[in-house]
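One chain comes next, on its own, written as C-alpha coordinates: the form predicted alone.
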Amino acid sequence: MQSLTFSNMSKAFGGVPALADVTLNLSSGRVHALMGENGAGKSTLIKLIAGVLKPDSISVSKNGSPLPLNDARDAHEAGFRFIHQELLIVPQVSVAENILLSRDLPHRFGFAVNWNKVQAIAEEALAFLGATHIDVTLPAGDLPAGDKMMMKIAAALVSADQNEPVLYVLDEPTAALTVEESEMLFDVIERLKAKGTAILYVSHRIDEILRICDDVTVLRDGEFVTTNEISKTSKADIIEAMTGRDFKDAYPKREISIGTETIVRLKNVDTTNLHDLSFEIRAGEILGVSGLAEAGQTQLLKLFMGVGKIKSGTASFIDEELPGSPSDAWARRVAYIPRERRGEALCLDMSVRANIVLPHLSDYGFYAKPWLENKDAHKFGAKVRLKSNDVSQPVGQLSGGNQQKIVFARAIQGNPKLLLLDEPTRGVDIGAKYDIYLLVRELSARGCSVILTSTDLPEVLGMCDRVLVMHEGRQAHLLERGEMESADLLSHFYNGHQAS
(Lines give C-alpha, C1' and ligand atoms only; values in the text may rest on other atoms or scores of the structure.)
Protein backbone atom coordinates (compact mmCIF):
# COMPACT_ATOMS: atom_id res chain seq x y z
CA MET A 1 0.00 0.00 0.00
CA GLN A 2 1.30 3.44 -0.95
CA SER A 3 0.82 6.52 1.18
CA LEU A 4 0.71 10.23 0.36
CA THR A 5 1.18 12.82 3.08
CA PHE A 6 0.54 16.54 2.65
CA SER A 7 1.86 18.22 5.81
CA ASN A 8 1.74 21.73 7.29
CA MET A 9 -0.40 23.18 4.51
CA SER A 10 -0.91 26.89 5.15
CA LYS A 11 -2.07 29.81 3.03
CA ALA A 12 -3.19 33.33 3.96
CA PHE A 13 -4.70 36.05 1.78
CA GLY A 14 -4.10 39.62 2.90
CA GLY A 15 -3.02 38.35 6.28
CA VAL A 16 -6.24 36.34 6.76
CA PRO A 17 -5.59 32.56 7.01
CA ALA A 18 -7.51 30.48 4.48
CA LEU A 19 -5.72 27.29 5.56
CA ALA A 20 -3.73 26.93 8.77
CA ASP A 21 -1.23 24.09 9.29
CA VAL A 22 -3.43 21.30 7.90
CA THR A 23 -2.09 17.77 7.38
CA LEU A 24 -3.78 15.17 5.17
CA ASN A 25 -2.81 11.49 4.91
CA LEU A 26 -4.05 9.50 1.91
CA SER A 27 -3.64 5.80 1.10
CA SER A 28 -3.81 3.86 -2.15
CA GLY A 29 -7.01 1.96 -2.77
CA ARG A 30 -9.04 4.15 -0.42
CA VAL A 31 -11.50 7.00 -0.99
CA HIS A 32 -10.86 9.85 1.43
CA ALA A 33 -13.62 12.45 1.81
CA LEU A 34 -12.77 16.11 2.39
CA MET A 35 -15.67 18.00 3.92
CA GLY A 36 -16.43 21.43 5.33
CA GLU A 37 -18.73 24.36 4.77
CA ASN A 38 -18.04 26.89 2.00
CA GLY A 39 -15.06 28.93 3.19
CA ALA A 40 -13.67 26.06 5.27
CA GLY A 41 -10.53 25.89 3.13
CA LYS A 42 -11.28 22.94 0.83
CA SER A 43 -10.72 24.84 -2.43
CA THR A 44 -7.49 26.35 -1.10
CA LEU A 45 -6.23 22.90 -0.08
CA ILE A 46 -7.00 21.48 -3.54
CA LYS A 47 -5.22 24.37 -5.25
CA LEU A 48 -2.13 23.82 -3.08
CA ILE A 49 -2.07 20.12 -3.96
CA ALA A 50 -2.54 21.00 -7.64
CA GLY A 51 0.41 23.37 -7.54
CA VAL A 52 -1.63 26.29 -8.92
CA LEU A 53 -1.46 28.32 -5.71
CA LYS A 54 1.80 29.21 -3.99
CA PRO A 55 1.63 27.99 -0.38
CA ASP A 56 2.97 29.75 2.68
CA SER A 57 4.10 26.29 3.75
CA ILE A 58 3.67 22.69 2.58
CA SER A 59 5.56 19.39 2.72
CA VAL A 60 4.68 16.45 0.49
CA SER A 61 5.90 12.88 0.75
CA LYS A 62 5.17 9.57 -0.95
CA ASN A 63 5.90 6.45 1.12
CA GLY A 64 7.98 8.67 3.41
CA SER A 65 10.15 10.11 0.61
CA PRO A 66 9.85 13.85 -0.20
CA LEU A 67 8.05 14.92 -3.38
CA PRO A 68 8.64 18.32 -5.03
CA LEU A 69 5.46 20.38 -5.48
CA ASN A 70 6.40 23.82 -6.78
CA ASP A 71 3.92 24.14 -9.63
CA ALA A 72 1.21 22.37 -11.64
CA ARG A 73 3.83 20.49 -13.69
CA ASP A 74 5.23 18.92 -10.51
CA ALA A 75 1.72 17.85 -9.50
CA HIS A 76 1.10 16.27 -12.89
CA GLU A 77 4.44 14.46 -12.93
CA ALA A 78 3.73 13.17 -9.41
CA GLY A 79 0.59 11.52 -10.79
CA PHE A 80 -2.04 13.88 -9.35
CA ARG A 81 -5.19 14.27 -11.47
CA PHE A 82 -7.99 16.78 -10.82
CA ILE A 83 -11.66 16.86 -11.76
CA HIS A 84 -13.00 20.25 -10.73
CA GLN A 85 -16.57 21.26 -9.93
CA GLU A 86 -16.69 24.12 -12.43
CA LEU A 87 -17.11 22.74 -15.95
CA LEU A 88 -14.27 24.59 -17.67
CA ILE A 89 -14.37 23.40 -21.26
CA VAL A 90 -13.69 24.67 -24.77
CA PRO A 91 -17.28 24.72 -26.04
CA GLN A 92 -16.52 25.36 -29.72
CA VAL A 93 -14.39 22.25 -30.29
CA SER A 94 -15.41 18.60 -30.20
CA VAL A 95 -15.87 16.34 -27.20
CA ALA A 96 -12.89 14.27 -28.38
CA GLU A 97 -10.62 17.32 -28.53
CA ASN A 98 -11.71 18.42 -25.04
CA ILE A 99 -10.93 14.95 -23.67
CA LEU A 100 -7.42 15.07 -25.15
CA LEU A 101 -6.63 18.69 -24.26
CA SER A 102 -4.00 17.66 -21.70
CA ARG A 103 -1.93 15.59 -24.11
CA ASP A 104 -0.39 15.74 -27.57
CA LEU A 105 -2.79 14.63 -30.28
CA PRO A 106 -1.77 11.47 -32.19
CA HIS A 107 -0.42 12.17 -35.67
CA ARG A 108 -0.25 10.34 -38.96
CA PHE A 109 2.97 10.56 -41.04
CA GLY A 110 4.45 12.83 -38.36
CA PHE A 111 2.48 15.97 -39.22
CA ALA A 112 -1.25 15.33 -39.81
CA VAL A 113 -3.55 14.82 -36.84
CA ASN A 114 -4.94 11.30 -36.79
CA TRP A 115 -8.56 12.22 -36.09
CA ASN A 116 -9.75 8.62 -36.18
CA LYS A 117 -7.28 7.82 -33.40
CA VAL A 118 -8.32 10.92 -31.44
CA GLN A 119 -11.94 9.84 -31.56
CA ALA A 120 -11.10 6.24 -30.71
CA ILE A 121 -9.14 7.28 -27.58
CA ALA A 122 -11.98 9.55 -26.46
CA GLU A 123 -14.60 6.84 -27.03
CA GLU A 124 -12.50 4.32 -25.07
CA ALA A 125 -12.26 6.70 -22.10
CA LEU A 126 -16.02 7.33 -22.14
CA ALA A 127 -16.69 3.60 -22.44
CA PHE A 128 -14.67 3.07 -19.24
CA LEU A 129 -17.20 5.38 -17.57
CA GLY A 130 -20.15 3.64 -19.20
CA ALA A 131 -20.99 6.87 -21.08
CA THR A 132 -21.11 5.34 -24.55
CA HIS A 133 -24.11 7.50 -25.50
CA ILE A 134 -21.93 10.61 -25.87
CA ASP A 135 -21.04 11.48 -29.48
CA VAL A 136 -17.37 12.52 -29.39
CA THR A 137 -17.70 14.46 -32.66
CA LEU A 138 -20.24 16.94 -31.22
CA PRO A 139 -19.14 20.41 -30.04
CA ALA A 140 -18.60 20.12 -26.28
CA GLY A 141 -20.79 23.15 -25.65
CA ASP A 142 -23.82 21.27 -26.99
CA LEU A 143 -23.71 18.65 -24.22
CA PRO A 144 -26.00 18.77 -21.18
CA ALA A 145 -24.31 19.45 -17.84
CA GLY A 146 -24.11 15.80 -16.81
CA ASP A 147 -22.41 14.76 -20.02
CA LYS A 148 -19.96 17.65 -19.73
CA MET A 149 -18.92 16.33 -16.32
CA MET A 150 -18.53 12.83 -17.77
CA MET A 151 -16.34 14.36 -20.49
CA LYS A 152 -14.13 16.05 -17.87
CA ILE A 153 -13.79 12.80 -15.92
CA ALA A 154 -12.86 10.98 -19.13
CA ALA A 155 -10.20 13.65 -19.80
CA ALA A 156 -8.60 12.91 -16.42
CA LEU A 157 -8.58 9.19 -17.22
CA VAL A 158 -7.02 9.71 -20.66
CA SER A 159 -3.96 11.40 -19.18
CA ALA A 160 -3.19 8.18 -17.34
CA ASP A 161 -1.12 6.74 -20.17
CA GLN A 162 1.44 9.53 -19.80
CA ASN A 163 2.13 9.25 -16.07
CA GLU A 164 0.33 6.57 -14.05
CA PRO A 165 -1.97 8.44 -11.64
CA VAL A 166 -1.47 7.83 -7.93
CA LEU A 167 -4.17 10.32 -6.84
CA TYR A 168 -7.47 11.52 -8.26
CA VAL A 169 -9.04 14.61 -6.68
CA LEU A 170 -12.77 14.85 -7.41
CA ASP A 171 -14.37 18.17 -6.44
CA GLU A 172 -18.18 17.89 -6.23
CA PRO A 173 -18.25 15.43 -9.16
CA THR A 174 -21.91 14.47 -8.74
CA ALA A 175 -23.22 18.04 -8.44
CA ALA A 176 -24.00 18.08 -12.17
CA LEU A 177 -24.91 14.39 -12.46
CA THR A 178 -28.23 12.61 -12.30
CA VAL A 179 -28.76 9.61 -10.04
CA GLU A 180 -28.07 7.29 -12.97
CA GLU A 181 -24.85 9.11 -13.94
CA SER A 182 -23.71 9.19 -10.31
CA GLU A 183 -24.04 5.40 -10.14
CA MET A 184 -21.82 5.15 -13.21
CA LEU A 185 -19.22 7.34 -11.50
CA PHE A 186 -19.33 5.29 -8.30
CA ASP A 187 -18.65 2.16 -10.35
CA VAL A 188 -15.59 3.85 -11.89
CA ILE A 189 -14.36 4.87 -8.43
CA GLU A 190 -14.53 1.24 -7.31
CA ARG A 191 -12.45 0.22 -10.34
CA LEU A 192 -9.87 2.93 -9.61
CA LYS A 193 -9.68 1.77 -5.99
CA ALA A 194 -9.07 -1.79 -7.18
CA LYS A 195 -6.14 -0.49 -9.28
CA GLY A 196 -4.60 0.97 -6.11
CA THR A 197 -5.28 4.64 -6.79
CA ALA A 198 -5.84 7.06 -3.91
CA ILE A 199 -8.94 9.23 -4.27
CA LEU A 200 -9.67 12.52 -2.51
CA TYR A 201 -13.41 13.09 -2.78
CA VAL A 202 -15.01 16.47 -2.05
CA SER A 203 -18.79 16.62 -1.72
CA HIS A 204 -21.51 18.27 0.35
CA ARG A 205 -23.74 15.21 -0.08
CA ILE A 206 -23.19 13.38 3.19
CA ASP A 207 -25.23 10.34 2.20
CA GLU A 208 -22.95 9.59 -0.74
CA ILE A 209 -19.86 10.22 1.42
CA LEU A 210 -21.09 7.61 3.89
CA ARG A 211 -21.74 5.21 1.01
CA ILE A 212 -18.57 5.36 -1.10
CA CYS A 213 -15.78 6.73 1.12
CA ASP A 214 -13.44 4.92 3.49
CA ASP A 215 -12.19 7.91 5.49
CA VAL A 216 -13.28 11.49 6.08
CA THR A 217 -11.42 14.67 7.06
CA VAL A 218 -13.36 17.75 8.15
CA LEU A 219 -12.11 21.34 7.94
CA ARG A 220 -13.71 24.37 9.59
CA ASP A 221 -12.60 27.99 9.12
CA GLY A 222 -9.36 26.85 7.49
CA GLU A 223 -8.37 24.54 10.32
CA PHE A 224 -8.26 20.79 10.74
CA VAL A 225 -11.11 19.44 12.88
CA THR A 226 -11.02 15.66 12.63
CA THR A 227 -10.16 12.59 10.55
CA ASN A 228 -12.10 9.35 11.02
CA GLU A 229 -12.81 6.09 9.28
CA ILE A 230 -16.30 6.20 7.80
CA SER A 231 -17.21 2.99 9.65
CA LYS A 232 -16.52 4.77 12.93
CA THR A 233 -18.50 7.95 12.32
CA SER A 234 -22.07 9.03 11.52
CA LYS A 235 -23.96 11.69 9.60
CA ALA A 236 -24.64 13.59 12.82
CA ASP A 237 -20.95 13.47 13.77
CA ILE A 238 -19.89 14.87 10.40
CA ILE A 239 -22.45 17.68 10.47
CA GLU A 240 -21.44 18.70 13.98
CA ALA A 241 -17.74 18.66 13.02
CA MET A 242 -18.44 20.80 9.93
CA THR A 243 -20.70 23.38 11.56
CA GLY A 244 -19.84 23.27 15.25
CA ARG A 245 -23.52 22.68 16.01
CA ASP A 246 -26.01 19.85 15.91
CA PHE A 247 -28.56 19.65 13.09
CA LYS A 248 -31.35 17.48 14.42
CA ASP A 249 -33.24 17.60 11.14
CA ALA A 250 -31.71 18.34 7.75
CA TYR A 251 -35.00 19.81 6.45
CA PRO A 252 -37.13 22.38 8.28
CA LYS A 253 -40.65 21.14 8.90
CA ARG A 254 -43.71 22.66 7.26
CA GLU A 255 -45.42 24.75 9.93
CA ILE A 256 -48.31 26.16 7.87
CA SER A 257 -50.70 24.17 5.67
CA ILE A 258 -50.95 24.71 1.91
CA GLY A 259 -53.42 27.36 0.73
CA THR A 260 -56.60 26.71 -1.27
CA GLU A 261 -56.03 29.16 -4.15
CA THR A 262 -54.87 27.51 -7.38
CA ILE A 263 -51.86 29.35 -8.81
CA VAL A 264 -50.99 27.09 -11.75
CA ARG A 265 -53.24 24.92 -13.95
CA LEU A 266 -52.06 22.73 -16.82
CA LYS A 267 -54.38 20.38 -18.71
CA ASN A 268 -53.24 18.09 -21.54
CA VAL A 269 -50.40 20.47 -22.42
CA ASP A 270 -48.01 19.61 -25.25
CA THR A 271 -45.05 21.71 -26.38
CA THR A 272 -42.24 20.88 -28.81
CA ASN A 273 -40.34 18.98 -26.09
CA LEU A 274 -42.96 18.28 -23.39
CA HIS A 275 -46.09 16.14 -23.49
CA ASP A 276 -49.11 15.09 -21.41
CA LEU A 277 -48.73 17.76 -18.73
CA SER A 278 -51.78 17.89 -16.45
CA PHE A 279 -51.42 19.20 -12.90
CA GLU A 280 -52.34 22.04 -10.58
CA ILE A 281 -50.31 23.86 -7.94
CA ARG A 282 -51.91 25.58 -4.99
CA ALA A 283 -50.67 28.67 -3.18
CA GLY A 284 -47.71 27.76 -0.98
CA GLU A 285 -47.32 24.26 -2.38
CA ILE A 286 -43.84 22.91 -3.16
CA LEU A 287 -43.95 20.61 -6.18
CA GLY A 288 -40.89 18.49 -6.85
CA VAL A 289 -40.02 17.59 -10.44
CA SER A 290 -37.64 14.69 -10.91
CA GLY A 291 -36.61 11.92 -13.31
CA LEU A 292 -33.65 10.61 -15.26
CA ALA A 293 -31.23 12.85 -17.15
CA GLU A 294 -32.80 15.31 -19.59
CA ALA A 295 -36.30 14.03 -18.91
CA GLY A 296 -37.73 17.53 -19.36
CA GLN A 297 -37.29 19.02 -15.88
CA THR A 298 -35.55 22.22 -16.96
CA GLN A 299 -37.80 22.69 -20.02
CA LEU A 300 -40.83 22.55 -17.71
CA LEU A 301 -39.44 25.35 -15.54
CA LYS A 302 -38.57 27.46 -18.58
CA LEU A 303 -42.13 27.09 -19.89
CA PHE A 304 -43.26 29.25 -16.95
CA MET A 305 -40.55 31.77 -17.86
CA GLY A 306 -42.04 32.25 -21.32
CA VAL A 307 -39.49 30.01 -23.07
CA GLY A 308 -41.33 27.50 -25.25
CA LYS A 309 -44.72 27.58 -26.97
CA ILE A 310 -47.77 25.54 -26.05
CA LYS A 311 -48.96 23.58 -29.10
CA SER A 312 -52.09 22.08 -27.53
CA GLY A 313 -53.91 21.97 -24.21
CA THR A 314 -54.54 24.79 -21.75
CA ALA A 315 -52.30 26.43 -19.16
CA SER A 316 -52.78 29.33 -16.77
CA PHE A 317 -50.89 31.24 -14.10
CA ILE A 318 -53.23 33.01 -11.62
CA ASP A 319 -56.11 32.58 -14.09
CA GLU A 320 -54.23 34.21 -16.98
CA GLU A 321 -52.07 32.87 -19.79
CA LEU A 322 -48.52 31.84 -18.94
CA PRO A 323 -45.88 34.58 -19.32
CA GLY A 324 -44.79 35.13 -22.90
CA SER A 325 -41.15 36.04 -22.20
CA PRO A 326 -38.65 36.12 -19.31
CA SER A 327 -39.18 39.86 -18.79
CA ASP A 328 -42.96 39.28 -18.69
CA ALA A 329 -42.43 36.47 -16.17
CA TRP A 330 -40.37 38.63 -13.81
CA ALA A 331 -42.90 41.45 -14.14
CA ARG A 332 -45.70 39.03 -13.19
CA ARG A 333 -43.80 37.82 -10.11
CA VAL A 334 -42.36 34.61 -11.46
CA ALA A 335 -38.78 34.14 -10.25
CA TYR A 336 -36.29 31.65 -11.71
CA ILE A 337 -33.11 30.21 -10.22
CA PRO A 338 -31.32 28.25 -12.98
CA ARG A 339 -29.16 25.18 -12.60
CA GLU A 340 -25.89 26.76 -13.76
CA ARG A 341 -25.53 29.83 -11.53
CA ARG A 342 -22.15 30.88 -12.96
CA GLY A 343 -23.15 30.42 -16.60
CA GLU A 344 -26.85 31.33 -16.53
CA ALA A 345 -27.54 33.49 -13.48
CA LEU A 346 -24.57 35.60 -12.44
CA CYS A 347 -22.33 38.29 -13.90
CA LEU A 348 -19.19 37.29 -12.03
CA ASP A 349 -17.23 40.48 -12.68
CA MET A 350 -20.10 42.68 -11.52
CA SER A 351 -20.95 43.60 -7.94
CA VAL A 352 -23.26 41.93 -5.46
CA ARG A 353 -25.58 44.94 -5.81
CA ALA A 354 -25.76 44.77 -9.61
CA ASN A 355 -26.49 41.05 -9.60
CA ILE A 356 -29.29 41.31 -7.02
CA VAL A 357 -31.19 44.17 -8.68
CA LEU A 358 -30.57 43.14 -12.31
CA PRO A 359 -34.11 42.00 -13.29
CA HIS A 360 -35.73 44.74 -11.21
CA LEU A 361 -34.09 47.85 -12.70
CA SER A 362 -37.36 49.03 -14.25
CA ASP A 363 -38.79 49.33 -10.72
CA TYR A 364 -36.41 52.23 -10.04
CA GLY A 365 -37.84 54.40 -12.81
CA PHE A 366 -36.25 55.97 -15.88
CA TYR A 367 -33.06 57.14 -14.12
CA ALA A 368 -30.58 55.02 -12.19
CA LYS A 369 -30.92 55.33 -8.41
CA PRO A 370 -27.79 53.76 -6.92
CA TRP A 371 -28.78 54.69 -3.34
CA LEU A 372 -32.00 52.66 -3.67
CA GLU A 373 -30.15 49.81 -5.33
CA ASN A 374 -27.69 49.78 -2.41
CA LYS A 375 -30.56 49.79 0.08
CA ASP A 376 -32.30 46.86 -1.62
CA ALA A 377 -29.07 44.91 -2.04
CA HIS A 378 -28.36 45.23 1.70
CA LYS A 379 -31.97 44.42 2.60
CA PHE A 380 -32.36 41.28 0.51
CA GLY A 381 -28.78 40.17 1.08
CA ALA A 382 -29.54 40.18 4.81
CA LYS A 383 -32.72 38.17 4.24
CA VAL A 384 -30.75 35.33 2.66
CA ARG A 385 -27.92 35.60 5.24
CA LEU A 386 -25.40 36.61 2.57
CA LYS A 387 -21.77 36.84 3.67
CA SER A 388 -19.77 39.39 1.66
CA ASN A 389 -17.40 42.27 2.34
CA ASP A 390 -19.84 44.79 0.86
CA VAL A 391 -22.48 45.04 -1.86
CA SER A 392 -19.78 46.45 -4.15
CA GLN A 393 -17.70 43.25 -3.93
CA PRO A 394 -17.44 41.32 -7.25
CA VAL A 395 -19.57 38.18 -7.14
CA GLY A 396 -16.74 36.05 -8.54
CA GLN A 397 -14.85 36.48 -5.26
CA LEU A 398 -17.58 34.80 -3.20
CA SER A 399 -18.00 31.13 -2.28
CA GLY A 400 -20.45 28.96 -4.21
CA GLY A 401 -22.96 29.04 -1.36
CA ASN A 402 -22.93 32.83 -1.18
CA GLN A 403 -23.20 33.11 -4.97
CA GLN A 404 -26.33 30.98 -4.78
CA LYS A 405 -27.70 33.20 -2.01
CA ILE A 406 -27.31 36.21 -4.32
CA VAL A 407 -29.50 34.46 -6.90
CA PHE A 408 -32.07 33.85 -4.15
CA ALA A 409 -31.87 37.49 -3.01
CA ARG A 410 -32.65 38.56 -6.59
CA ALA A 411 -35.63 36.18 -6.66
CA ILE A 412 -37.23 37.30 -3.40
CA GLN A 413 -36.80 41.01 -4.20
CA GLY A 414 -39.69 40.58 -6.64
CA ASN A 415 -41.95 39.08 -3.91
CA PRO A 416 -42.70 36.09 -6.17
CA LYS A 417 -45.96 34.24 -6.48
CA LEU A 418 -44.19 31.38 -8.27
CA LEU A 419 -40.57 30.39 -7.58
CA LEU A 420 -38.81 28.08 -10.05
CA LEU A 421 -35.80 26.25 -8.58
CA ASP A 422 -33.53 24.16 -10.82
CA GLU A 423 -31.05 22.24 -8.62
CA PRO A 424 -31.08 25.07 -6.03
CA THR A 425 -28.49 23.57 -3.64
CA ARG A 426 -26.02 22.20 -6.17
CA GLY A 427 -22.48 22.57 -4.81
CA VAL A 428 -23.72 24.24 -1.60
CA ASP A 429 -22.55 23.25 1.88
CA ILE A 430 -24.81 21.89 4.63
CA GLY A 431 -25.10 25.20 6.47
CA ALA A 432 -25.95 27.22 3.36
CA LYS A 433 -28.34 24.46 2.26
CA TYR A 434 -30.27 24.77 5.48
CA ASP A 435 -30.47 28.56 5.04
CA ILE A 436 -31.90 27.98 1.55
CA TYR A 437 -34.39 25.43 2.83
CA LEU A 438 -35.53 27.86 5.52
CA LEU A 439 -35.99 30.58 2.91
CA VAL A 440 -38.05 28.28 0.68
CA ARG A 441 -40.20 27.32 3.66
CA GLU A 442 -40.71 31.02 4.56
CA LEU A 443 -41.74 31.88 0.99
CA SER A 444 -44.08 28.90 0.92
CA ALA A 445 -45.66 30.00 4.21
CA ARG A 446 -46.37 33.41 2.64
CA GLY A 447 -48.26 31.75 -0.21
CA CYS A 448 -45.50 31.53 -2.83
CA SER A 449 -45.82 28.36 -4.90
CA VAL A 450 -42.56 26.55 -5.66
CA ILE A 451 -41.49 24.12 -8.39
CA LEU A 452 -38.22 22.42 -7.45
CA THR A 453 -36.09 20.09 -9.57
CA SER A 454 -33.26 18.17 -7.94
CA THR A 455 -31.11 15.07 -8.46
CA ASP A 456 -30.73 14.90 -4.67
CA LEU A 457 -33.64 12.56 -3.91
CA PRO A 458 -33.57 13.08 -0.10
CA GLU A 459 -33.92 16.81 -0.84
CA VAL A 460 -36.98 16.22 -3.04
CA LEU A 461 -38.60 14.02 -0.41
CA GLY A 462 -37.58 16.27 2.47
CA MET A 463 -38.89 19.53 0.98
CA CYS A 464 -41.69 18.76 -1.48
CA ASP A 465 -45.40 18.15 -0.93
CA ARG A 466 -45.84 16.18 -4.15
CA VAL A 467 -43.45 14.85 -6.78
CA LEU A 468 -44.03 14.97 -10.55
CA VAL A 469 -41.91 12.35 -12.32
CA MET A 470 -40.87 13.12 -15.92
CA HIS A 471 -39.89 10.45 -18.45
CA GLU A 472 -38.55 11.41 -21.88
CA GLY A 473 -40.38 14.74 -21.80
CA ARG A 474 -43.67 13.29 -20.60
CA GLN A 475 -45.44 13.50 -17.29
CA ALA A 476 -45.24 9.90 -16.05
CA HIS A 477 -46.40 10.07 -12.43
CA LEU A 478 -47.74 12.59 -9.92
CA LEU A 479 -47.02 11.21 -6.46
CA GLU A 480 -47.97 12.16 -2.93
CA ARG A 481 -44.79 12.35 -0.88
CA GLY A 482 -46.14 10.55 2.20
CA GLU A 483 -43.61 8.15 3.64
CA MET A 484 -41.91 7.45 0.30
CA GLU A 485 -38.21 6.55 0.40
CA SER A 486 -35.56 7.45 -2.17
CA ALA A 487 -35.57 3.90 -3.58
CA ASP A 488 -39.35 4.07 -4.08
CA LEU A 489 -39.05 7.34 -6.00
CA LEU A 490 -36.13 6.06 -8.07
CA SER A 491 -38.16 3.02 -9.15
CA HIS A 492 -40.71 5.38 -10.74
CA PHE A 493 -37.95 6.97 -12.88
CA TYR A 494 -37.56 3.67 -14.76
CA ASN A 495 -41.28 2.93 -14.88
CA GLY A 496 -42.13 5.61 -17.40
CA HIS A 497 -45.76 4.90 -18.19
CA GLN A 498 -48.55 7.26 -17.26
CA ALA A 499 -49.95 6.43 -13.85
CA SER A 500 -53.62 5.61 -13.80
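Note that residue numbering begins at 1 and tracks the sequence as displayed. Computed from a prediction, not measured in an experiment: that's the story for all the values here.
Keep in mind that the form predicted in complex with a small molecule is not shown, yet the notes after this line are about it.
The shortest heavy atom separation between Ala40 and the small molecule in the predicted complex is within 4.5 Å. Contact check for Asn268: no non-hydrogen atom falls within 4.5 Å of the small molecule in the predicted complex. Taking non-hydrogen atoms only, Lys387 approaches the small molecule to within 4.5 angstroms in the predicted complex. The shortest heavy atom separation between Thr425 and the small molecule in the predicted complex exceeds 4.5 Å. If you check the small molecule in the predicted complex, you find a heavy atom from every one of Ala18, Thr44 and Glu172 within 4.5 Å. Here is the short version: of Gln397, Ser278, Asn114, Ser316, the single residue with a heavy atom within 4.5 Å of the small molecule in the predicted complex is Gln397. Of the listed positions (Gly288, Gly284, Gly381, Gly401), a single one reaches within 4.5 angstroms of the small molecule by any non-hydrogen atom in the predicted complex, namely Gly401. You can rule out all but one of 59-67, 30-38, 453-461, 432-440: in the predicted complex, only 30-38 has residues with a heavy atom within 4.5 Å of the small molecule.
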